[in-house]
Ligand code: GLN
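One chain comes next, on its own, written out as structure tokens in the form predicted alone.
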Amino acid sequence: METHELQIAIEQMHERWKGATAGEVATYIPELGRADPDKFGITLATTNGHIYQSGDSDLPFTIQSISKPFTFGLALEAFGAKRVAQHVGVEPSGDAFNAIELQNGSNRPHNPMINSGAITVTALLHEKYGNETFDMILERFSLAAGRPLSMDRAVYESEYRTGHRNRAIAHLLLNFGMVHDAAEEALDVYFKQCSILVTCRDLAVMGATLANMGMNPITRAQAFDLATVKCMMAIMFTCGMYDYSGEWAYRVGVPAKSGVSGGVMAVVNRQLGIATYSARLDPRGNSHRGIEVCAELANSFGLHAFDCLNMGSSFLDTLL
């Protein structure tokens, strides 16, 4: 059987980038510092259910900030856009992901893709679901991934012990009435959601679920409402790569979210989900290999949303 062109492409990219040594493993969460910097995986999942993998695509790692667009979607479904907008904005901040800063005037976090906004979103969910919040989050993430997911307790406990900056953010939010009184309990849920274990394959399928209008392309289960998916992808496009989001939009041009454990998830609307894993991070907290692979994929297959010069998505359609 002839090897698929997408499979050949990611194998070649994996070979090109596996020797890259730029970047450092995150250590501010001590347990993350144990990651092997040489592990490297790439997975593509199409909206018609095909999977293409190369490298360490089945290696588990914690989802970290890639959880943020999904919990944002859950909050939109639970409360509606108007209520959520009272607590968190949708503007890029230009600041680091863990900045202790709120919008002037409104005292809202700038957007739900940075820690202050994500903690606010999780607190909203906790206000509604209480002790069942994490189980609900885990169930919906599992629906999007197409298999039961679990939490890495060692990473959770490491985050819980050392998450003093996030505690400072949570109490600042409490001071301005952006979160309810049980801020510590909500923050505990946030630490747990960031500690959910995924693989490159899981993230690619979760991305393909968003690309497929909220329906898992393998199980055919509806994980998110269609209107919610639009908002999730919009906020990923403008804010998903921390304070690199503008350059990402310029270079790669698709919705994406990164996490400090080394994952990157990107979405090509109506076509595929892309996931990479490499724990070597750049100074902004994004995977160095992940960015370069996604940029190469976008350039090779015309994935950029505004690309009108090269082969374009119509070429990708012939491959899928």
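Each residue number is its position in the shown sequence, starting from 1. Note that the structure is a prediction, hence the values are computed from the model and not measured.
The next section is about a form of this same protein that is not shown, the form predicted together with glutamine (GLN).
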request  = From the candidate stretches 63-71, 291-299, 50-58, 37-45, select the single one in contact with glutamine (GLN) in the predicted complex, where contact means a heavy atom within 4.5 Å.
outcome  = 63-71
message = Can you tell me if residue 279 lies within 4.5 angstroms of glutamine (GLN) in the predicted complex, counting non-hydrogen atoms only?
response = no
inquiry  = Just checking whether residue 259 would be counted as a contact of glutamine (GLN) in the predicted complex - the rule being heavy atoms within 4.5 angstroms.
reply    = yes
ask   = Can residue 159 be called a contact residue for glutamine (GLN) in the predicted complex at 4.5 Å between heavy atoms?
value = yes
query = Even though glutamine (GLN) is not shown here, does residue 224 get within 4.5 Å of it in the predicted complex, heavy atoms only?
reply = no
key: Candidate spot 93, 237 and 250, all three touching glutamine (GLN) in the predicted complex (heavy atom, 4.5 Å)   = no
In the predicted complex, the one of 198, 241, 210, 194 near glutamine (GLN) [non-hydrogen atom within 4.5 angstroms] = 194
Glutamine (GLN): the contacting residue among 216, 133, 115, 245 in the predicted complex [heavy atom, 4.5 Å] = 115
Contacts with glutamine (GLN) in the predicted complex, stretch 28-50 (heavy atom within 4.5 Å) = 28, 29
